[in-house]
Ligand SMILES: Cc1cc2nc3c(=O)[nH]c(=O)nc-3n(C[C@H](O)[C@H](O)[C@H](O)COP(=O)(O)OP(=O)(O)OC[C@H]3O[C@@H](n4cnc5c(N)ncnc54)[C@H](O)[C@@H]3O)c2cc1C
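Just the one chain here, laid out as structure tokens, in the form predicted alone.
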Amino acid sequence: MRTDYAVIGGGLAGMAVAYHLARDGGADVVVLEQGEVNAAASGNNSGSFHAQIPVEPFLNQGEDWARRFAPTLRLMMAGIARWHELPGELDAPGMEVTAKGGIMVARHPAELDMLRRKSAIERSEGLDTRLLDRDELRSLAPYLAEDAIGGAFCPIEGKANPLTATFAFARAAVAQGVRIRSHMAATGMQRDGDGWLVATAGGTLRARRVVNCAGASAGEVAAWVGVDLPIEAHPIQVTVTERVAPLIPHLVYSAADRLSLKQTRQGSIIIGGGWPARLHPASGRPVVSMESLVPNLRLAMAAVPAVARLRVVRSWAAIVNGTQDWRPILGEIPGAAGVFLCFFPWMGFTAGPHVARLVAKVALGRSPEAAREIAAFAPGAA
């Protein structure tokens, strides 16, 4: 089997890259997915649009880290803007794209001071982040607990439905002629003249170029061409409650703890924040950890007291991809001409559609502007 482009990975990034390669470049594209489309992190995350610098690495790694990370905010802001274009472009109103803003809530003066320092770095990159005092916070979000003393509000943050977004891209890609091969894992790759031979469970695929969109497995794929990338895989978990009347219009974070919560269009409250799941000792698959579930729910009830009266419907676990520096890795892999990487750690759902379009343009060789936009995030860049 032959193709112009082989895309490894059938999640959000892979389907978006394939769509743009076919639509914008008229390329013949094959997507190789080891399991089912959207079955990994793309379909199992909580669907948040993040634009603010995350609290956990800010607290653990400091302001110098935040300044190195800060250019990533531009990709996240552009990613959120791109999300708003997609329901119309892909004819997919079921993506449920909304942005009513995100609030990082402080309960102690030290947390408010941290938000003040963090938001200054965010604003230096052009992100609209507004500090709120107690009265402003109460006016904006009266559902929050009385002990909240202030917060940081970012009006562009929001959410989409991760159960439908990747499939919208997949349908649009197929309409452009993309061939999706589910349950066809790529198992290796080697140079073949001016192209690449990709070994799969169903035989060998010869591709002129390859785009690695394998998420948590992207490091393994990069190793096939002799490149060692600092990509990690972390099991985390999410919980959803029964449906309730409109209660939480915003994406809510804690300024001190692992917590995020928001309400879906259907009325369920999604509770997360990156709490670790565990790996099943027999299957190795991620499963829910009670040691994480209980404190996560306690934090949710402390932040929004009305959550305490709701019943939990289910919790689930998935593998999320990450790096220690939280920066994306995007573009052509050094020493492996024709192999490209589209990898956005931790918050890939937010930036995924935008960076996928950029990487596709670079892989097509038709956009110096896209190449410049991702140059600072090239594999091996400092």
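Source: prediction; values computed, not measured. Don't overthink the numbering: it's just position in the shown sequence, from 1.
The same protein also exists as the form predicted in complex with this ligand; that form is not shown, yet it is the one meant from here on.
Participant: Note which of V105, V210, A165, A214 lies within 4.5 Å of this ligand in the predicted complex, where distance is taken over heavy atoms; exactly one does.
Facilitator: When this ligand is considered in the predicted complex, the option within 4.5 Å is A214.
Participant: Please identify the residue among A173, L115, V304, V221 with any heavy atom within 4.5 Å of this ligand in the predicted complex.
Facilitator: Result of the distance check: V221.
Participant: If we take heavy atoms and a 4.5 Å cut-off, which stretch out of 181-189, 84-92, 132-140, 67-75 is in contact with this ligand in the predicted complex?
Facilitator: Among the listed stretches, the partner-contacting one is 181-189.
Participant: Would you please decide whether A41 lies within 4.5 angstroms of this ligand in the predicted complex, comparing each non-hydrogen atom pair?
Facilitator: Heavy-atom contact with this ligand at 4.5 Å: present for A41.
Participant: Is the gap between H50 and this ligand in the predicted complex 4.5 Å or less for some heavy atom pair?
Facilitator: Because a heavy atom of H50 falls inside 4.5 Å of this ligand in the predicted complex, the answer is yes.
Participant: Within 4.5 Å, heavy atoms only: does I236 come near this ligand in the predicted complex?
Facilitator: Judged by the heavy-atom cut-off of 4.5 Å, I236 is in contact with this ligand in the predicted complex.
Participant: Does any part of W346 reach within 4.5 Å of this ligand in the predicted complex? Heavy atoms only, please.
Facilitator: Result yes; W346 sits at the interface with this ligand in the predicted complex.
Participant: Since the partner is left out here, which residues of 317-337 would have a heavy atom within 4.5 Å of this ligand in the predicted complex?
Facilitator: A318, I319, V320, N321, in sequence order.
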